[in-house]
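Only one chain comes next, encoded as structure tokens, the form predicted on its own.
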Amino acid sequence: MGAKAIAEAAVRSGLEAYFGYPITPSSEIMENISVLYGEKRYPWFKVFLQSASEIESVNMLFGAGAAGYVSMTATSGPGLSLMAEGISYAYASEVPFLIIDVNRGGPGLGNVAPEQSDISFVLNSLGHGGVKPIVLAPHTVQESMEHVHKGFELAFTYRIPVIMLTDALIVHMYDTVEWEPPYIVKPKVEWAARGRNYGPRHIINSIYLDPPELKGNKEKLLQKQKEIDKIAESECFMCYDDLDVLYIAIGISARISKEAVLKLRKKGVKAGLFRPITLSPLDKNSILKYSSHAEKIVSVEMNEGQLAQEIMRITRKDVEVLPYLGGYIPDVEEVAEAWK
């Protein structure tokens, strides 16, 4: 099960502290991690704590991350909204941690069915003051496990909050996975606030009352963002030649769209799928490259077209949206028919 695979990947990758508040459809991740807490084979997993709210969770993540510990939580849209302020503090303070956002129907409380309704939120408004975390978007259970490990590595490499954006289908579906022997993320934390017994004292801070100081901190973060932009990653499935149609999708929508592309290829239609692996940073160069060879672009989304807006902003080309709202799941035949 996706939730169990994510939990195993987190603990095997060296998870030291989990802080969370249950919220459907992410709760199974927390439940599976709780089962692993206390197992002798994972002696590094020291803290599992159910907080009283998502606001508490994100501030606990801040504390653990500031002390250099590998920490994470899992939540869904309403919970992520409550975490936005803490994510902004962590971004400004260069504090690393991982948040898994299991998308559900929105806005508001919406429902607990799968959607991909947080794309615009995580890309454009996840925290005040120009916050831009790294955002990963797996489309299989296998890739979800890999992205958990990658998320920890990126968080500590760049000292930044990392979001893994997924959906309820991937978290709840069953799939076959392969996992190498446990390999632990061992971050270098000379910068961490570990207390006087661990060496020099370090200050972790997000408030700069003097304008020149704040300006200097923001310029440093902007320079770091230029380095992060170089890690942009994507997949283009069956993009062999000039395309009749280029589909764009993430998560379960991408997995379903691959089936549609295969069906169209058998019929002689030149179809391909562009799949962002990192939603932030987006692989702009690849988007421009493949979209320039396509007669038509179709974005398959479990929302009203949030990813399409990002693609149009980059390509300046029209993108047709195939929206699935409220928990409805893309249909392979409908996706294939959208090329016409």
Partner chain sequence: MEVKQFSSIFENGVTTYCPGCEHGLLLKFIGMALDELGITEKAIMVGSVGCSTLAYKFLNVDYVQAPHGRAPAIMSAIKLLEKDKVVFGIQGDGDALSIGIAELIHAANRGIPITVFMYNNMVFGMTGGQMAPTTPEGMKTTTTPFGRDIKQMGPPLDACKILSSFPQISYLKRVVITPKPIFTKDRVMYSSKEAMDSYKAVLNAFKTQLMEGFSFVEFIGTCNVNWKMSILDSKKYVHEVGVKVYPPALCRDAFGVEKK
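Numbering follows the first chain given and starts at 1. Please read all numbers here as calculations on a predicted model, not as lab measurements.
The discussion below concerns the form predicted in complex with its partner chain, not included here.
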*Sort through 23-31, 308-316, 288-296, 48-56 and report the only stretch with a non-hydrogen atom within 4.5 Å of its partner chain in the predicted bound form.*
48-56
*its partner chain in the predicted bound form reached by all of 234, 237 and 329, non-hydrogen atom within 4.5 Å*: no
*Which of these residues, 78, 195, 129, 216, gets a heavy atom within 4.5 Å of its partner chain in the predicted bound form?*
195
*Ok, 120, 206, 225, 142: which has a heavy atom sitting within 4.5 Å of its partner chain in the predicted bound form?*
206
*Answer yes if any heavy atom of residue 63 is within 4.5 Å of a heavy atom of its partner chain in the predicted bound form; otherwise answer no.*
yes
*Applying a 4.5 Å heavy atom distance criterion, does residue 175 contact its partner chain in the predicted bound form?*
no
*Look up in the predicted bound form whether residue 10 has a non-hydrogen atom within 4.5 angstroms of its partner chain, and give yes or no.*
no
_Interface membership of residue 85, its partner chain in the predicted bound form, 4.5 Å heavy atom rule_ = yes
*Though the partner is not shown here, which residues of 18-32 have a heavy atom within 4.5 Å of its partner chain in the predicted bound form?*
19
